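Shown next as structure tokens: one chain only, the form predicted alone.
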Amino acid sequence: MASMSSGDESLRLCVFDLRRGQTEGQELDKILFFHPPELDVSTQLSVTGLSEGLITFTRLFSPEAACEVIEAERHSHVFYEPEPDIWMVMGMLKEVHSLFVMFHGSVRALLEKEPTGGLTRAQLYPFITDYLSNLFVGKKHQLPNFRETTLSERGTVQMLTLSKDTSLEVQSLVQVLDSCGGNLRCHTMILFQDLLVSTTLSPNDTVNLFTFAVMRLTSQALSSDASSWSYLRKGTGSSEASSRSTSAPLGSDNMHSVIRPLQNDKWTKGKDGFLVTDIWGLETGGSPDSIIPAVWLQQTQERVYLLAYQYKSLTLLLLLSTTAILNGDLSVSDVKQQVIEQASLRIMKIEEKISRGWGGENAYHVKGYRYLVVDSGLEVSRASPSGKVATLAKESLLALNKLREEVDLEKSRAKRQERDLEICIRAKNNAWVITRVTRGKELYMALEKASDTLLDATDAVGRFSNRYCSGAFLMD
């Protein structure tokens, strides 16, 4: 749940479990995370109590679809239920929940493993606090504003478009990387700067690992002075922000071993090109594999080791079965050696070829258009560069926001039934904002040529669809 107003000091974020704390005097037990944690207990209970009351009340009118947003005169209340009876904030904490599950497993599983909730709080507090450090500008949280979010889509990946010959070389590289695991298959992901080049993972697992890589692993993330168009790294990642309030309050015993995979400035590139970190501990004898990062794949519920290799702007992620390694069927050091011997020259060649053809941050700018294309099935999006979106007039952005609200409302009404949709709005500055939704794909567009008629605008959308979307948004 989130409650927020215009000032940062009014931001409240919390995670609570409706199955806990139902006995009088034990209400505090339901709170698993609260920000800011320094607020007194009565305020925390007041916020969670109000949230629980709003959730219960709105279920009277919509028992099947959970409440998402309630707008009050001075505050907005935003809700998200990622697991049954576990409530968080929609949007931002939806993303952090997916990341949390990737590293730690589900919140419910942790609560069942250790029913007092101490283990869950010990993991949630530093994890979410480290995530929020990305939103710090100076000493304050800076939530994404409507100029940054109107033509962007959280929870999707941004793909790099490759020429046919480069695509074939990437496919060949993926096959080589797969063979580095011997008879056991290795999942892989390849990124160029903050863009996805290739993945062998499911869409959900791709989004989660891509999000983490852009935040902490890519060449852009490792270079503190590198700019990024990605919303995942808008803040400064203040060390002051990430160091405060990382332990669980409310009387937790703090005796649990805590791993903080989202800490800033904890990854470096070794001499062999592989990225190293001490987040998972330092090698003190025994198997070196014990200090290698591990994540959960949601599709297969398999736990895998994460190896990251980097050459200039190209980052490769290899995922190796922990079971195979622990059983002795596979050795991490052998896999690393195989990558260096068999794949390094291919990696260098591909990075150089992509870099030569890369158009920079404005590579996907289309003159005259400000757009967002989303493929919900593949969880992929492409949009106008943020710098170009920022040139839109305020009236155009407000109309786009209204348009996206209309689409979200229509999708919630239709539930799981796919239906085609087209909406056109004339903004106060005479710009046209248009959306087309069809077969799981969505297009949002702003056209600020004031002299355009509706026919001109729809023709422009058709030309864009034909040239850049293979005709996916042509309407009968």
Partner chain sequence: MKEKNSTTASTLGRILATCSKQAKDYGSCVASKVHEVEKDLCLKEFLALKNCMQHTVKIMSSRPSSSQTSVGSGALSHAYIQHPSLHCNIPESRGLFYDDANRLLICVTSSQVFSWETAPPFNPDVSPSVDSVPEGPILSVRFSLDEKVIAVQRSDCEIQFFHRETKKKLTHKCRAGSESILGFFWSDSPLCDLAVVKTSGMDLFACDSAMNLRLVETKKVNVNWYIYTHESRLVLLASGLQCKTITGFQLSTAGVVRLPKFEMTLATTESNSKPIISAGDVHLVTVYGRIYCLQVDREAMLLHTYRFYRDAVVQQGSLPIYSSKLSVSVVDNLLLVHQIDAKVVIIYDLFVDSRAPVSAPLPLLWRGYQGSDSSSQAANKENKSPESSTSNENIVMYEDAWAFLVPDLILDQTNKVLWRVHLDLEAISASSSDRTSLLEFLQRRKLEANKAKQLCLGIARALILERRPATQVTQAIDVLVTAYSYSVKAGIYKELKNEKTTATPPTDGASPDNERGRASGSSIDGEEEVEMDLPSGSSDEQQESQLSSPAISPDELYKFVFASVEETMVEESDYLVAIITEFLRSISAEKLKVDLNIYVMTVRLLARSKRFAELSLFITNKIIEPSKEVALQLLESGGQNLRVRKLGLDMLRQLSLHHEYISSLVQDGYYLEALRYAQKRKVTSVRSSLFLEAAFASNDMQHLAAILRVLSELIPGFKETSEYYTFHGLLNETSSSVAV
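Numbering follows the first chain given and starts at 1. Since the structure is predicted, the reported quantities are computational estimates derived from the model, not experimental observations.
FYI, the form predicted together with its partner chain isn't displayed, but the following is about it.
Candidate from S198, S313, S98, T129 lying within 4.5 Å of its partner chain in the predicted bound form - any heavy atom: When its partner chain is considered in the predicted bound form, the option within 4.5 Å is S198.
Residue among D29, D408, E422, E68 with a heavy atom within 4.5 Å of its partner chain in the predicted bound form: Looking at the other structure, the residue within range turns out to be E422.
Output flag, S167, R346 and L474 jointly within 4.5 Å of its partner chain in the predicted bound form, heavy atom basis: Contact check passed for all of S167, R346 and L474.
Answer range among 213-221, 358-366, 371-379, 119-127 for contact with its partner chain, defined in the predicted bound form as heavy atoms within 4.5 Å: Single hit among the candidates: 371-379.
R439, heavy atom within 4.5 angstroms of its partner chain in the predicted bound form: Yes, R439 lies within 4.5 Å of its partner chain in the predicted bound form.
Proximity of S172 to its partner chain in the predicted bound form, heavy atoms at 4.5 Å: Yes, S172 sits close enough to its partner chain in the predicted bound form that at least one of its heavy atoms falls within 4.5 Å.
4.5 angstroms heavy atom contact with its partner chain in the predicted bound form for S386: Although its partner chain is absent here, S386 would stay clear of it in the predicted bound form, with no heavy atoms inside 4.5 Å.
Contact test in the predicted bound form: L275 vs its partner chain, heavy atoms, 4.5 Å: No, no contact at 4.5 Å.
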